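Only one chain comes next, encoded as structure tokens, the form predicted on its own.
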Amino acid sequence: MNIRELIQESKLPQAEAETLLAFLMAKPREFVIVRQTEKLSLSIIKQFKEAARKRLANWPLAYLIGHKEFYSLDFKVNKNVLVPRPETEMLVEVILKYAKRQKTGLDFLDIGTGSGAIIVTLAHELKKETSALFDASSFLGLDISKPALAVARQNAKVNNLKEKIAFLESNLLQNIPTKSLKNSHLVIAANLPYLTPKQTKEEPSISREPELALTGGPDGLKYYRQLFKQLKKINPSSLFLICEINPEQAGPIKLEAQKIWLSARLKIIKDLSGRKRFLTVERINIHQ
């Protein structure tokens, strides 16, 4: 059997079949596209059919090939972390835009870091665009999952940021000494679990991803409420917080934020498809 025959026989979309086969052959996808009459070994055919079976059973393609591109960087992923989503790239862009306006070093926190895609990308981009701010800033990724943190550390290492980014096992901010954040200029990315149990159950495409990283209580906002209360107690010198949400949560999460920060600047940001996707909270000189 050759490449063309195997791909035609597959029930996968052509682009996915080509990507999967290229990975198994340790070749670029272009090789698979151009060398359609290339004969395949029985071993490759067997591996491809098994991987295709998993893909059709809702295993993410990124899990099967072991990596996913995010913000033009390549990230290792496995079953212990969520697959980075393209819409989350806008979260990084919003933070970078804010950071570049600041005159002082910042303390970046990525809460629920998973694969480390957000914190690694932030550090990578700041190092490339404004090395002075990069040098003066700290970067910390937090996650409750040890296996997820192991993946994040690998991704920091691959991107030559192992020495700059720290990772800590923590349920939200629970394991960070509050005093260490009192005088800080906090910039927080919070892509916390925000689906309801019903949404998680009814969406086949995410059925193989870790539920721990998906479900956020009855209305999906359980962990955001907890984080807001923790941040109120810390009361840092300045705060810029961005939370990723489902569009229907925009009103409720804004109300929750208003309960905590009476005078903060709150903003709902839409994603590229026009759906309400992020809440930002900006609070400067909180206790001055």
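All of these numbers come straight from a predicted model, not from anything done at the bench. Start at 1 and count along the sequence shown; that's the residue number.
The protein also exists as the form predicted in complex with a small molecule; that form is not presented, and the subsequent description refers to it.
The closest heavy atom approach of L140 to the small molecule in the predicted complex falls outside 4.5 Å.
Contact annotation for T113: at least one heavy atom lies within 4.5 Å of the small molecule in the predicted complex.
Remark: L82 counts among the residues lining the small molecule in the predicted complex, judged by a heavy atom distance of 4.5 Å or less. The small molecule is not drawn, but in the predicted complex it has no heavy atom within 4.5 Å of T200.
Note on contacts: among N78, T88, T130, Q154, the single residue with a heavy atom within 4.5 Å of the small molecule in the predicted complex is T88. Interface residue among L172, L181, L73, L161, judged by heavy atoms within 4.5 Å of the small molecule in the predicted complex: L172.
Heavy atoms within 4.5 Å of the small molecule in the predicted complex are found in exactly one of 200-208, 93-101, 114-122, 130-138, that being 114-122.
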